[in-house]
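Encoded as structure tokens, the following chain is the form predicted alone, with no partner shown.
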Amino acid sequence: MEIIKVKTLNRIYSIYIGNNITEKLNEYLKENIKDVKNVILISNEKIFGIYKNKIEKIIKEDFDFKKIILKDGEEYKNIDSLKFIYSELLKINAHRNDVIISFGGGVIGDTAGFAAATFNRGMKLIQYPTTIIAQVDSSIGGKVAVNFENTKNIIGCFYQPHLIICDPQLLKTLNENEITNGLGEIVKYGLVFDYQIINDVLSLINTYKNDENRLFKIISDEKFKNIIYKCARIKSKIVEEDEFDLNKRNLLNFGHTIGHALEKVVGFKNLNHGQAVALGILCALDLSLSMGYLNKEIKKSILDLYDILKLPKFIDKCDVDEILNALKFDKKFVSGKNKFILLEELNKPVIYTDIDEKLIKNSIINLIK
């Protein structure tokens, strides 16, 4: 098992990463949170349906177990789900020293995390991510939020967890679409921070190149845990330097600016987060080329990588002006000026503001079939 210590202004906590560490969940709870009695698991119908017997049996061995189950899907990351959680917490008579375990992907992590941050002015929170995106990125760093009126993460706060448990064995139940979703986020880390991460992924792909189920094989490989660890370590170090996303943490939004706008316009049901980020990365690369950075060969190699990882390179016809309008809701924009994360070179990101809208529009047009 690998352990990453995260030291923020508000809290010091650990990230445990290891195959089959779910078996030691109660041990980790006792080590990291004192006087645990009630454990409240917040999950969705899909994830809890898969792991109900296992997770419930483990927790009940040492603690009083309660559960709150939400519907599955990005469209349920909203105020109605929050209200439901609050109502259930009132019925349970939850107290500040009770523990909430957020058991699921990024949607559950954000929603349950925001509930934990706000109910009783803050409850103990364990992030227990079950998807690739959540294990490498969204569970780390304390950003918790819900969507409102089809706008991504517009209502939220910073609330650091008390512990994060990443068990890569839980990824085995993901479908291919969910795997590619997570690989899009991993590509981000490779392009912006450490290209060796992409080389590691390609090495695993090459190992199983003749296997039709190669994507499932790579996430089951012991070496995939090391990729999760590398991404999580990068994210944790950036969070330590810039907990409240005022400077360096902005770099983690590479591909997310247009990605979030695409989610808003195309719809959460039609485009998942990882796919949107993958498309947003292509726009960021086009903008980097337009600003005189990079070269076309780098973009070509990344497009080849997308083919290997089954990441999307295009979207069906949609309204470009509507996407441009959606960009105005991006939280990074200041005083009406846009802000993008671009690449001067591989692993050399730069924050660029007030880019000509024509260039942005052209980068979006390039995505449309």
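Since this is a predicted model, take the numbers as computed values, not measurements. One-based numbering along the sequence shown.
What follows is about the form predicted together with a small molecule, which we do not show.
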### Task
Evaluate residue 50 for contact with the small molecule in the predicted bound form, applying a 4.5 angstroms cut-off between non-hydrogen atoms, and reply yes or no.
yes
### Task
With heavy atoms only and a cut-off of 4.5 Å, decide whether residue 232 touches the small molecule in the predicted bound form.
no
### Task
Report whether the minimum heavy atom distance between residue 161 and the small molecule in the predicted bound form is within 4.5 Å.
no
### Query
Would residue 131 count as a contact of the small molecule in the predicted bound form, using a 4.5 angstroms cut-off between non-hydrogen atoms?
yes
### Query
So which of 339, 313, 46, 310 gets a non-hydrogen atom within 4.5 Å of the small molecule in the predicted bound form?
46
### Query
Which of 255, 184, 106, 113 has a heavy atom within 4.5 Å of the small molecule in the predicted bound form?
106
### Task
Determine which one of 168-176, 293-301, 207-215, 80-88 lies within 4.5 Å of the small molecule in the predicted bound form, judging by heavy atom distances; exactly one does.
168-176
